[in-house]
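Single chain ahead, by itself, as structure tokens, in the form predicted alone.
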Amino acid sequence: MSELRYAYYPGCSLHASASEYDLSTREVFAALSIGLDEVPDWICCGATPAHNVDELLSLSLCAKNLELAEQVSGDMAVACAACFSRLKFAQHVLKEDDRKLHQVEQAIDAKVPLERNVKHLLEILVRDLGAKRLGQAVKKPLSGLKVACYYGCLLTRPPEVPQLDDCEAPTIMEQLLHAVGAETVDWTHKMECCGANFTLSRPGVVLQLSNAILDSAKAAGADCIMVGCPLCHGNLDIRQKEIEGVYHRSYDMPIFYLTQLVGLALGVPADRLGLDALIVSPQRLLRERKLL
């Protein structure tokens, strides 16, 4: 098989509040001999706010990143679910609307590469590399670890945009975890909204929604939750103690990025996966499962 190599778009969160996601992504891809070349001079994709303020701005930000990625060979690899959603959405809209495409190309003074493949890390690991090859690289299977796969709002919806998996019953996260030896649980809230960036403007809504997610995972017998989105991670991890106080519950539920769990299975040292950055410490759980 030819070498796998990608144009890596980390996005703003992975260079700031979710730096452990960036760190673990680079470590996992290096361990699997998958090449990552960071898109030069990338800019913010606009994430959640931009399209609510100015559609042309939102489309142009994404289009500019697509154009910048042309300097690097390979499909575009994206870790953040919000970035993935916006880049795919921009391509979808601009393919369907010539007038908007013309406006955007004027705004960025360049052609938009509408056919450039944009792939979430899940797609790269499970499909491009393949679950079988991933499993063959495992050095420390995550045996006995029960994980709730949390997709959230953006990875598979709306169905015509990301085209990552079935929009109502996705399994790509479960396939990833089964390949590295973990167990997954069936639960009710794997695609429910956590409140996203309402965490600042309407924190009460976020506490209510995130509490329901944690409660569902706990009831299903999960030891932890796996995510592929910095916004989801922030609401479920950073706010977990606050949620426990408001709802008089005790969850102690570690929230892992997908690359952190895969990294553990590949034998990447824990200190190179950013586990110490998690607010809800996973140390006790991982020691109990003999994964540290």
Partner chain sequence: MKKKKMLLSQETMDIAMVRKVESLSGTSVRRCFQCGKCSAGCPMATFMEHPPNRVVRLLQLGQWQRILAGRSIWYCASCETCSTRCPNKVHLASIMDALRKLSWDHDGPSKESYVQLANKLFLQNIRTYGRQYEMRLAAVFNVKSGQFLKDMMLGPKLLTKGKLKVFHQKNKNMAEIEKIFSRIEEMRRKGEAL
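Positions refer to the first chain, counted from 1. Computed from a predicted structure; not experimentally measured.
In what follows, reference is made to the form predicted in complex with its partner chain, a form of this protein that is not presented.
Residue heavy atoms within 4.5 Å of its partner chain in the predicted complex occur in exactly one stretch of 213-221, 134-142, 112-120, 165-173, and that stretch is 165-173.
Taken together, the three residues Leu23, Lys88 and Asp186 lack any non-hydrogen atom within 4.5 angstroms of its partner chain in the predicted complex. At a distance threshold of 4.5 angstroms between non-hydrogen atoms, Gln106 is in contact with its partner chain in the predicted complex. Its partner chain in the predicted complex is not approached by Gly130, whose heavy atoms all lie more than 4.5 angstroms from it.
Contact between Arg202 and its partner chain in the predicted complex is found at the 4.5 Å heavy atom cutoff. Among heavy atoms of Gly245, none comes within 4.5 Å of its partner chain in the predicted complex. Along 80-100, a non-hydrogen atom within 4.5 Å of its partner chain in the predicted complex is carried by Phe89, Arg99, Lys100, in order along the sequence.
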